[in-house]
Structures are given as C-alpha cells and as structure tokens.
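Single chain ahead, written as structure tokens, the form predicted alone.
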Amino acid sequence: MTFLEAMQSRFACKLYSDEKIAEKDLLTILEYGRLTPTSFGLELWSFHVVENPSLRKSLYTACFGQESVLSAPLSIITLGRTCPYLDPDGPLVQERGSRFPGSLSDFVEDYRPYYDFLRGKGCLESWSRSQGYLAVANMMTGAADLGIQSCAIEGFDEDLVLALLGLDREDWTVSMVIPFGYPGEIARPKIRASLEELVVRH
C-alpha cells in the first residue's frame, strides 16, 4: 500500500472486531510514533498502551462513553510534558539537547528565544500537547497500512485519564486517546473538501 492509499483507506472506526493486534504490529505502530519529527528534537511525549480490560472500561468512562474506546482491543494515549519540563535550563532539555552535534550551550541558546516567546504568549503547554498530534497522525496512517483502523479522540476528562495511568497533572498533559483495532464495521466514505477549496497559492 502506498502512503496515499493508506491515507485514503483510513477512517474513524467506531466499532472493532475481537481480533487482537499482533505484538509485532503494535511495536511497528509505536515505532511510527517514536520516529515522528518533534520540535527541537526534544521528544516531549510518552505513549501509554491500554490493553487491560478493566483499564479499558475506566478509559471508556473517562472518554465520556465513546464506543470505540471500549470496542477496540487497545488504545494508545499520547502524553506531553508540562511547562516546568520545558525550561531551557531544566534537566530534561539539558539531557535531550546534549544528544545533538555541537555544544549544549549552542542548543540551549537556540531554543531559549522560542521558549521565551511561547511562555510570554502562555502557549507552552499547548505547544507540548500539539507535538503529540504529529505522532498520532503517523501512528494512525501507519496502522491503516497494516489493515488496522483507529479513531482520534480529544473528548476526555484529562484528570481521570491521568489518574487511571497513575500520573500527576503537574508532570503530564494528555494530547489524544487513540483506539486501534481491526474494523468491525464497513468503512464510511471519506468526505473532504477539494484542493481548490483549501489551497491558496502565493
């Protein structure tokens, strides 16, 4: 399947079959997330795989009873780090920045103006959260190439989701919850605006 064919075959699946996702396919999907580009190469995310039936029921409740969460054999919750972890002089940025060619001080001084800009706009947390969207898109399209469907869920009680993962709101923000599985329903037609409606060329 080409990338375009995978994009065309993917749909927001609400009902899944009982077939489990093979471990090798799950690891492939997670690898698509891991290899996703991330701003400044900071990888501010974490991917939590929810497979336990009891935990899936709790996640279903935290996602306001959305059927796909309960029907799918697993969901991947993509998280982002909160504001304190984004500090240019903090341990996470220092550790991640030290991996790249050149000096750490050069990396930090390149990053600092953007950090200051986002902090001044009050956008640090939304920036961290949005990084996860990039990984989610790659995981969803990559899964479609394997015949595995998904559904992007942004409707959830963030505090409940973090609590069921045993995580602290001071440390993490939830980007998205993505159920994955083999479809138990017929794919719906893809409805999209045309390029002529969407594209402005300058």
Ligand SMILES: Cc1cc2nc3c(=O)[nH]c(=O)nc-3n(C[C@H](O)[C@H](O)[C@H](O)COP(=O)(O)O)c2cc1C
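A quick note: this is a predicted structure, and the numbers were derived from the prediction, not measured. All residue numbers are counted from 1 along the displayed sequence.
One more form of this protein should be noted, the form predicted together with this ligand, which is absent from this view; the next part is about it.
**Q** Work out which of S58, Q66, T28, T36 lies within 4.5 Å of this ligand in the model of the complex, going by heavy atoms.
**A** Contact check passes for Q66.
**Q** Looking at heavy atoms inside 4.5 Å, which stretch does this ligand contact in the model of the complex, given the options 28 to 36, 165 to 173, 50 to 58, 152 to 160?
**A** Of the stretches listed, the one contacting the partner is 152 to 160.
**Q** How about K190 - does it come within 4.5 Å of this ligand in the model of the complex, if we only consider non-hydrogen atoms?
**A** Judged by the heavy-atom cut-off of 4.5 Å, K190 is in contact with this ligand in the model of the complex.
**Q** Report whether the minimum heavy atom distance between A12 and this ligand in the model of the complex is within 4.5 Å.
**A** The answer is yes: A12 has a heavy atom within 4.5 Å of this ligand.
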